[in-house]
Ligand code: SGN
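One chain comes next, on its own, written out as structure tokens in the form predicted alone.
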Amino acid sequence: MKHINKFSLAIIPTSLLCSCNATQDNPTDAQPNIVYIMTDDHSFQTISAYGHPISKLAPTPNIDRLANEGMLFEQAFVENSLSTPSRACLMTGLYSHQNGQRRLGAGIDSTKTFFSELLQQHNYQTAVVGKWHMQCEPKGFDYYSVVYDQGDYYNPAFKTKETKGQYVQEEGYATNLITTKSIEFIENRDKDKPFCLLVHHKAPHRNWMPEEKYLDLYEDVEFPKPSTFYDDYATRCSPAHTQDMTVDKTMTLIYDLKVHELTSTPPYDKEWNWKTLIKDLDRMTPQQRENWEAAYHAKNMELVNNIKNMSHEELVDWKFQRYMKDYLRCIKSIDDEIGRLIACLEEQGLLDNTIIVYTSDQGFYMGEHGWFDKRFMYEESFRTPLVMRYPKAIKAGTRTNALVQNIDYAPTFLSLAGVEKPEAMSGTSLEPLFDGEKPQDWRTDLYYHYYDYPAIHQVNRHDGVRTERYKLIHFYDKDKAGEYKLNCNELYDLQSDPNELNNLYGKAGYEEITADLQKRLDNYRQKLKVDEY
């Protein structure tokens, strides 16, 4: 491990330096402050405000506070269940094919207007802290401090305007550091302006490395497997069968579950996984590493010594429990830090005139269908948590089942700021929902499109449409001549089959429903000028 003598602190621009202790309301009621908190891969199942059995064993009181004092969205979705495309949807209010970011890696059309630019033009001071993950510089921000690529849990590196493109490593845990930087921005803001702060956490992204103080949390808790864990995909198209994202076969003992004491020899793991985990561990300070080994080594050695005598089911059970505990330990830190951020806003006298948003860049599988990860249009990855607190417009304890999508966030922030939404933006402001009522002209369906294939986890390309009750998914793949190699459809009645186990496409009695959904899907493709499906 390369010795690091000193980790630099994030640099707050000198133009922002002022009293940190003043408690002052926003200078104008017409333009509220905006604090947008987005985690990476946080499932709605693990937020206790949503009432899922998992969250009852691992509650999230600070996220719940935002929901209890504001609005919980019960039907919030993404346009493309993948990290970078989701972030592009946030910044542009556009669908993936419109903003260019269809897949991970390069793609964002940086000539598109980011909502942060428009806020800047209308008196807002803007900042983003944490994960950026788009192949362009943060645009429309007075201040940024963003992690390299996906970011590291321990001692991550950050880039600011002042570091001239260089990432500078800092000591600490990512979730805590990102919150600290966010608080520093709030405390040192220009108090003559409203502000918009995007807080983008790395957690709980794979490989789920908990904070030191929570390395033993939930150790005595047995988390229940979902009823669909042993799903055989009997009625589904081939993509459900050919994906590579199962807890059983895909989740690695070494990289994902941190058992570096195992050899890198198959069948336990590929050598890459061992090297990558060791690289993560080598980032730690000696004290961090000592605490880590104290928590994991004995439990890991128990597995190593017994693994040859374990049945297949016992090993899968072990993997699932380690996955759930590490994931939820990361969530515990997220919830703590949200509490710290709320406390800062409260101390600064900003709670009444600040809209606080909590969401994730997409949903995530907690073992449903035997999976982890995301990508599919099935509910667990398509649906995302979303809560908003804004006492001036949202009554405490409000809930809505209106269909909303991540392309709606940018228009919402612009609307709150009194800025006219550009005509090109596809999303719709969520403000009409703030009173808990759903306007008669609110959307009745949503469009989804996933493009990242072939790629990690091997989920085929697909698009689809979802209404309040039904979902139609079209999986496709074409050769160079444009001929279909895969052309398969799935239809679900979410009311009678919420777990999406029974594909009704082509079944007698569903002809009219199928025709209606297909018409809706075709209308989206034509209206949005979708160029592949």
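A residue's number is simply how far along the shown sequence it sits, counting from 1. Note that the structure is predicted; figures quoted are calculated from it, not measured.
As for the form predicted in complex with the named molecule, it is not shown, yet the points below apply to it.
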property: Any non-hydrogen atom of L104 within 4.5 angstroms of the named molecule in the predicted bound form; result: yes
property: Interface membership of N300, the named molecule in the predicted bound form, 4.5 Å heavy atom rule; result: no
property: Partner contact for Q362 in the predicted bound form: the named molecule, 4.5 angstroms, heavy atom; result: yes
property: Partner contact for E170 in the predicted bound form: the named molecule, 4.5 angstroms, heavy atom; result: no
property: Candidate from H462, K181, H201, R375 lying within 4.5 Å of the named molecule in the predicted bound form - any heavy atom; result: R375
property: Heavy atom within 4.5 Å of the named molecule in the predicted bound form - the one residue of Y255, Y153, Y144, F223 that qualifies; result: Y255
property: Candidate stretches 416-424, 79-87, 231-239, 326-334, one within 4.5 Å of the named molecule in the predicted bound form by heavy atom; result: 79-87
property: The named molecule in the predicted bound form - contacting residues of 441-456, heavy atom within 4.5 Å; result: I456
